[in-house]
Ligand SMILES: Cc1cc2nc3c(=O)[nH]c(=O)nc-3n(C[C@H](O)[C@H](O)[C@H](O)COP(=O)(O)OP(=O)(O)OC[C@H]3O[C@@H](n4cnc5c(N)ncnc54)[C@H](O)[C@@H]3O)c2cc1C
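So this first bit is one chain, no partners, the form predicted on its own, shown in structure tokens.
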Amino acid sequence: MAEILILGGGMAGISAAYHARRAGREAVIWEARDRYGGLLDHFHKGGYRFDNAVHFAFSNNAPYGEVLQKTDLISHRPEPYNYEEGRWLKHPVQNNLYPLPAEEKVEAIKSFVERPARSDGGDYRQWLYEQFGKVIAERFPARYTEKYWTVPPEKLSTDWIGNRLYRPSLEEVLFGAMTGRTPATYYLPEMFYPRRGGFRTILDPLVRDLDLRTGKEAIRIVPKQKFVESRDGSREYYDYLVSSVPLPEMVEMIEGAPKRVREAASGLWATSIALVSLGLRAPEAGDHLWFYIYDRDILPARVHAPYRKSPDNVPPGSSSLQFETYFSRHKPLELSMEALLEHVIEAAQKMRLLSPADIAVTDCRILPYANVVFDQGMTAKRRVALNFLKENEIMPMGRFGEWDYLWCDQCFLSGKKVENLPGML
């Protein structure tokens, strides 16, 4: 029997077990895969290391900062770029219009000046118009929304935005249209990445001495009797249950979940990633650590360079790129992985990132969960599902357990909430 049974061995689950152990409590982690890490994990191909999509460490909270201090980290200054129709624009685009032709800059600035007054309600497209004007909104963030979130902006609420999109003043828009020498306005001044071993190594100091059991996939939960059943047929009884299992899947596993709760949970959805990774013999691949793509005829929305995050990710004298293509129930992936790989290589040539002759290794895979989608009505459906978990004394945690747009440090704090369980110090 487990005093605290934790489902999921990603950041949130490991954080929960770590904080439970620090409080003198016994915790058991069930991880369905054969190794811990979740989205923070990585894989190898022919001497090249690739993370499960782009990851960096950053935080303004002290507890997570203390964890980062236990790992040898490389500091990176965020300087992302944007690719559109053969041009490279600094990020964020709205105050870095300098590479555009003069007439296009005038049109964008005029629209910015004449943008609608800000309101308290509305959908995401309306919000974009109010922040940037119609021209900038439609050309850049609205187009990117369809690639990243897989639905038009009017299908989204604005609950997720926070400080993720920079909102420039007129002076900043004008200055960024006249010169490329603009100050950094990314929402983070500094980001970090482990010098060796890939991003997952930030979890290593937390995992020591934890009761972590891999290959344990939960398939059935009986709250009244307080046990969880694994696909291997075993059961684990518990005093407290904590879960980072995706909320819709969690509800389906709970015996006796009412129809209204199941219907609410089934209305929650997330994007998936088709991940194409390229290991290159050339020492350089493009000029940027990561960048965003606005062209509709190029399927990937985001690209990053693992070798720039750390040289340890590639063999000496080599480089690497990773392309993220998002899809969902509302925008299926219409290409096979073989066809997507071919498309990515052609797009990379078009963007002058590589020569096909330099490609040493390729890898194509699907990550089923990328980002929870804040479509209209999502928060109401989520509330129904989360209230049901609370009624059954189950504590959700992490991006998919809480069904929220949480970054890595926020997932760490989400797991730390295990300290709020009864009897914790």
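Keep in mind that what you see is a predicted model, and the values were worked out from it rather than measured. Counting begins at 1, following the sequence as shown.
The protein also exists as the form predicted in complex with this ligand; that form is not presented, and the subsequent description refers to it.
Identify, from the list Pro194, Gly286, Pro153, Pro246, the residue with a heavy atom within 4.5 Å of this ligand in the predicted complex. Going through each option in turn, the one that passes is Pro246.
Within 4.5 Å of this ligand in the predicted complex: all of Val54, Phe58 and Arg302, by heavy atom? Judged in the predicted complex, Val54, Phe58 and Arg302 all sit within 4.5 Å of this ligand.
Would Arg33 sit within 4.5 Å of this ligand in the predicted complex, counting heavy atoms only? Heavy-atom contact with this ligand at 4.5 Å: present for Arg33.
Residue-level question: is Pro396 within 4.5 Å of this ligand in the predicted complex, judged on heavy atoms? Heavy-atom contact with this ligand at 4.5 Å: absent for Pro396.
Answer with yes or no whether Ala12 is in contact with this ligand in the predicted complex, where contact means some heavy atom within 4.5 Å. Heavy-atom contact with this ligand at 4.5 Å: present for Ala12.
Does at least one non-hydrogen atom of Ala20 fall within 4.5 angstroms of this ligand in the predicted complex? Looking in the predicted complex, residue contacts with this ligand do not include Ala20, since no heavy atom lies within 4.5 Å.
Which of these stretches, 342 to 350, 234 to 242, 318 to 326, 89 to 97, has heavy atoms within 4.5 Å of this ligand in the predicted complex? The contacting stretch here is 318 to 326.
Counting only heavy atoms, which residues in 393 to 414 are within 4.5 Å of this ligand in the predicted complex? Contacts from 393 to 414: Gly398, Arg399, Phe400, Leu406, Trp407, Cys408, Asp409, Cys411.
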